[in-house]
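Only one chain comes next, encoded as structure tokens, the form predicted alone.
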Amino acid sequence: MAEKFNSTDLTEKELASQLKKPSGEQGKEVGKQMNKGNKYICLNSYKCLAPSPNSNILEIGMGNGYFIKDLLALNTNLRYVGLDFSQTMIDEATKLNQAFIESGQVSFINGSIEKLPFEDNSMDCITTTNTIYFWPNLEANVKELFRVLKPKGKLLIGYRSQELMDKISFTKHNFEKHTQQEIELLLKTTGFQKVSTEIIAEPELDFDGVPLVMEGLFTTGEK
């Protein structure tokens, strides 16, 4: 039976707004629903990222941080920073990852991809999943990611195809959809090398009674 993504009592426009920037009690509930809808694409993003031991990892838009434990289990001595512009998600992620925070392995920052609060050449890896639909300026935002990556550092963008997103009704609000070719060209024109995309099939997901065959696209590039 397909996992179910339930929009609760929100209108499509309200749901789209909460998916972009969860806030308040509704945002907390939407965050839990995102864990259902994003489970496989998040876990596959981390596997495709394949961080080396001792890596400094930045994640843009980690939601409530439910899957961070799975990323940290992939290798030894990983250090993680999650950046989100939703304070609600920062608060929820802090609760879920308190032990990692206390150990110094994980931290969270409330901020925007438009101006990352990190030094040049400071991150080994950057990953982001299902956030690119909401970026205010794609080229400028990718340049900012490029800036903070170390030489030979890896960027991974996980997303859904435009064709799939068009089948999900609420994505007609606030979502900017992109093709694989558009994302690859974006990375290449920003200076990334070794740009490629892996497509991974997922189990069906039920969106308010509409079952869809899911897949994730994972475009990577090296600085």
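In case it trips you up, residue 1 is the first one in the sequence shown, and so on. Here the structure is a predicted model, which is why all the values come from computation and not from measurement.
One more form of this protein, predicted together with a small molecule, exists but is not displayed; see below.
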| query | finding |
| --- | --- |
| Partner contact for D84 in the model of the complex: the small molecule, 4.5 angstroms, heavy atom | yes |
| Contact of G61 with the small molecule in the model of the complex (heavy atom, 4.5 Å) | yes |
| Partner proximity in the model of the complex: N130 to the small molecule, non-hydrogen atom cutoff 4.5 Å | yes |
| Proximity of M34 to the small molecule in the model of the complex, heavy atoms at 4.5 Å | yes |
| Listed residue that, although the small molecule is not shown, lies within 4.5 Å of it in the model of the complex (heavy atoms), from C125, M89, L145, V106 | M89 |
| Listed residue (L149, L71, A93, I113) with a non-hydrogen atom within 4.5 angstroms of the small molecule in the model of the complex | I113 |
| Answer range among 117 to 125, 149 to 157, 95 to 103, 131 to 139 for contact with the small molecule, defined in the model of the complex as heavy atoms within 4.5 Å | 131 to 139 |
